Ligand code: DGL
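The chain that follows stands alone, in the form predicted alone, written as structure tokens.
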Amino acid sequence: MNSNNQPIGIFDSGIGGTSIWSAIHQLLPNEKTIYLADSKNAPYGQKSKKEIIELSMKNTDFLLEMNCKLIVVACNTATTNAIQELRAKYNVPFIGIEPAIKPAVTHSKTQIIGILATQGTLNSELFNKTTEKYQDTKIIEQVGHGLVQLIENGEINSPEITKLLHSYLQPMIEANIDYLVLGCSHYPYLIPQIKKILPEHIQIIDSGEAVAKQTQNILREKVGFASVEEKQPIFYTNTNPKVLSEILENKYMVLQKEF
């Protein structure tokens, strides 16, 4: 495979996909990355399939203008609703993010798992096809109403988030789940709060590591790795960059741009 110094493009409905970006950056530190936060239109989970596809194409167009060699859809809702259309339209590899149900089902002792996700993900055809494979496991689905917007507003440790998490997780605890799948890339930022609510034996699973490994595989098989160590990643947002900067611990430049 020849080397390829073009950037990896990553988009999400907002800041949540930075949890995916972080996993990719840790595994592939020499790759240049461009991250796009469509926070103006967050959350995607309440939008129609048509709207999600249109927004995903708009984000893809932006990243392709930046000469990206590969695009990571770091949003469960966009993946489950739009990735087939994206792959059909564009001649570039796409990597999606889906709730990590398989490892939870595989390792569950109680055969009862919980999934916290957006309505757009849980209602999608792709998600339903995935869950149909696991008839022997009870999957308790919970829409995380309001969580994405609070995270986008920088209210990760707010009393309101704590109250919502209690109301969403308590029925799962009572149902005897032993795995909780986080089905939204925003939700890993809530893990410290979630751990305070869940009993210690309940394992939390998100998709970051799996997406990073798949990105590495696609670079190896199809696209090519960077041959030189790249400079700082670039972050774009179409709203006030303050929250995105804070979630990145003010380590990187965040550019505000209309798209």
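When you see a residue number, it is the position in the sequence shown, counting from 1. This structure is a prediction, so every number in the text was calculated from the model and none was measured.
There is also a form predicted in complex with D-glutamic acid; it is not shown, and the following applies to it.
Comment: D-glutamic acid is not present in this chain, but in the predicted bound form one of 148, 169, 86, 104 has a heavy atom within 4.5 Å of it, namely 148. Heavy atoms within 4.5 Å of D-glutamic acid in the predicted bound form are found in one stretch of 170-178, 87-95, 114-122, 133-141, which is 114-122. Of the heavy atoms in residue 43, some are within 4.5 Å of D-glutamic acid in the predicted bound form. Residues 12, 13 are the ones in 6-21 with at least one heavy atom within 4.5 Å of D-glutamic acid in the predicted bound form, listed in sequence order.
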